[in-house]
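Quick setup: one chain, the form predicted alone, written in structure tokens, and binding and motion questions come after.
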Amino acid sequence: MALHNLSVGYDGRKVLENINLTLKEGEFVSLVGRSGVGKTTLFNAICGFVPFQGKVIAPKQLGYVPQEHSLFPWLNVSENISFGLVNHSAEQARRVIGYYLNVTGLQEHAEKYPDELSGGERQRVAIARAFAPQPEVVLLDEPFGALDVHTRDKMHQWLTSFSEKERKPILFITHYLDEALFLSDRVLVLQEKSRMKDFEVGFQRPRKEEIKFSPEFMSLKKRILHAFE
């Protein structure tokens, strides 16, 4: 996926201007920045939800998890996961649902409805639903923002393992810099006036929680925080 000179404006005001971004095959990239700089607007432009200028080279098949999980409350876990499998036979859909119930650890919750699940479980269903149709790129907009610290840390471990199995390009919005560094291959800082700084995250995978307390982690975190200024 690539963006070339992407610009978005509302009421005569530019929200984003001349954004250039390339997402490589299998790459996990986090997008961070102060509130209001246009991170979610960027996702909306990629998905075609808002008009834009410039060029978006993106596959037709995108997976998208918004800030609110947006699960269908009248569908159970299996039915939510299968929602996008419109071109699958019944047998193919059963296999896909079974696979994602397994990798998300939700086998015992297959028949439950969203209001019977914890916050972390609902987010796993939403992510599984986004991945189930095998999109070429997945966009995750603060999927863990509403979770408590303990649950969010567990979800980091889960998403790291999950994304390494799936090997899909992922663009991930977060306000938590530790989250971005732990999950990502690269961190992009979107600044005021649509400037963008790109930081490589070279920590080896698989990653463990202990890395968050290492000197290398703290040094990179400090460098990225300076880019917010």
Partner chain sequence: MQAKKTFSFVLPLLVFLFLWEALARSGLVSIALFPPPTRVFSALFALLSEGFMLDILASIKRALAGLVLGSFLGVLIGLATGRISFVDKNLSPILHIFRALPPVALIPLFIVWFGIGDSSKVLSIALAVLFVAWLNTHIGAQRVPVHYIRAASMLTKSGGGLKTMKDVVFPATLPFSIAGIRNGIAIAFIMVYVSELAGASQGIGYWIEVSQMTYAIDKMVAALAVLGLLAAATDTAFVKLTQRVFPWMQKL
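Computed from a prediction, not measured in an experiment: that's the story for all the values here. Numbering follows the first chain given and starts at 1.
The same protein also exists as the form predicted together with its partner chain; that form is not shown, yet it is the one meant from here on.
Its partner chain is not drawn, but in the predicted complex it has a heavy atom within 4.5 Å of residue 113. Its partner chain is not drawn, but in the predicted complex it has a heavy atom within 4.5 Å of residue 69. Not displayed here, its partner chain is approached by residue 64 to within 4.5 Å at the level of heavy atoms in the predicted complex.
When contacts are judged by a 4.5 Å heavy atom cut-off, residue 163 does not count as touching its partner chain in the predicted complex. Judged against its partner chain in the predicted complex with a 4.5 angstroms heavy atom cut-off, the residues 19, 194 and 199 are out of contact without exception.
Checking 185 to 193, 169 to 177, 28 to 36, 55 to 63 against its partner chain in the predicted complex, the stretch whose residues place heavy atoms within 4.5 Å of it is 55 to 63. Taking its partner chain as it sits in the predicted complex, the stretch 116 to 145 comes within 4.5 angstroms of it through a non-hydrogen atom at 116, 129, 130, 133.
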